[in-house]
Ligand SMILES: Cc1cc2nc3c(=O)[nH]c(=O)nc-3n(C[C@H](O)[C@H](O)[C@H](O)COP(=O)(O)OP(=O)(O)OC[C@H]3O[C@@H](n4cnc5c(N)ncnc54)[C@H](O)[C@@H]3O)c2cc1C
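Only one chain is given next, in structure tokens, and it is the form predicted alone.
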């Protein structure tokens, strides 16, 4: 018997927006989240502020969570994982497991919003010393410090005087297979550079980049203010190595604008790590039999005109489980997935009457 309930897997921005949209249209959303709380990566990674508007991330996520937590058309399953499925469009039987056991849900359509994971900069190479030097951190580590308003050197607790970002760590790298641009790293680094200058006004901040990729309005909202108002130094170049020298970090590479080697001492180095498919994305792709692209993200089949339909009818994907995406992309894709899911269950019900 066709079901008009819609399953949403993943409680981050895309999943929350999808569940809210389904409920607002008068349909029942069942939201499954593997963690014990909603909020996804912005909550788990303790984002300080959103890019590009620097809005408080916790407040923004709390608003999204409240919209589903207090909605009678949304059922929430925390600490739960999807372990199996069978059936077809309009009549999927999905097994959800938690600490209390398993239950079978009958739903008409499914939206995957399983997100991404950050690249591990020590996985392939230690050229930047992430696991060797305390003062080499990632964007994620820096975000947590900025949220806590305690931006200090992990090695000694002192306020840094010189900080640099190294861009494209784990992105645009053919050697490790991540040939794609992760889209948001340039903007997030610039956002964090502004926040560092606000919290530690005497700190000099540098960004070493291959080329800055500020799409849309980010150019005027982040990039130029970072340079002109907050005096962030952008250096076009390739950082090839980070070494410890006394109590400093020595960044070696090439200034490609001047065409000469560079060797610059820093108190802290922040690695702008890119996006990769999350474990949940890979697992759910296997469970639902979805096609993946060469990088392991869920493949959508509609090209530029349909970014949410997957290879399995009735199963849709939204957000960074399909590839690098920012919050605006994720929320917009969730809206598209909701529309297509609702149309799917309505048509399925009509065909059985």
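These numbers were taken from a predicted model, which means no experiment stands behind them. Residue numbers count along the first chain shown, from 1.
Missing here is the form predicted in complex with this ligand; even so, the following discussion is about that form.
Although the partner is absent here, residue 127 is not a contact residue: none of its heavy atoms lies within 4.5 angstroms of this ligand in the predicted bound form.
Contact annotation for residue 275: at least one heavy atom lies within 4.5 Å of this ligand in the predicted bound form. Interface residue remark: residue 14 is counted as part of the site for this ligand in the predicted bound form, having a heavy atom within 4.5 Å. Of the heavy atoms in residue 85, none are within 4.5 Å of this ligand in the predicted bound form. Contact with this ligand, judged by heavy atoms within 4.5 Å in the predicted bound form, is confined among 148-156, 267-275, 250-258, 227-235 to 267-275. Shown without its partner, this chain lists 50, 30, 290, 68 as candidates; in the predicted bound form, only 50 has a non-hydrogen atom within 4.5 angstroms of this ligand. For the options 94, 137, 188, 242, the one in contact with this ligand in the predicted bound form, meaning a heavy atom within 4.5 Å, is 188. Residues from 16-47 that approach this ligand in the predicted bound form with a non-hydrogen atom closer than or equal to 4.5 Å are 32, 33, 34, 35, 40, 41, 42, 47, in the order they occur in the chain.
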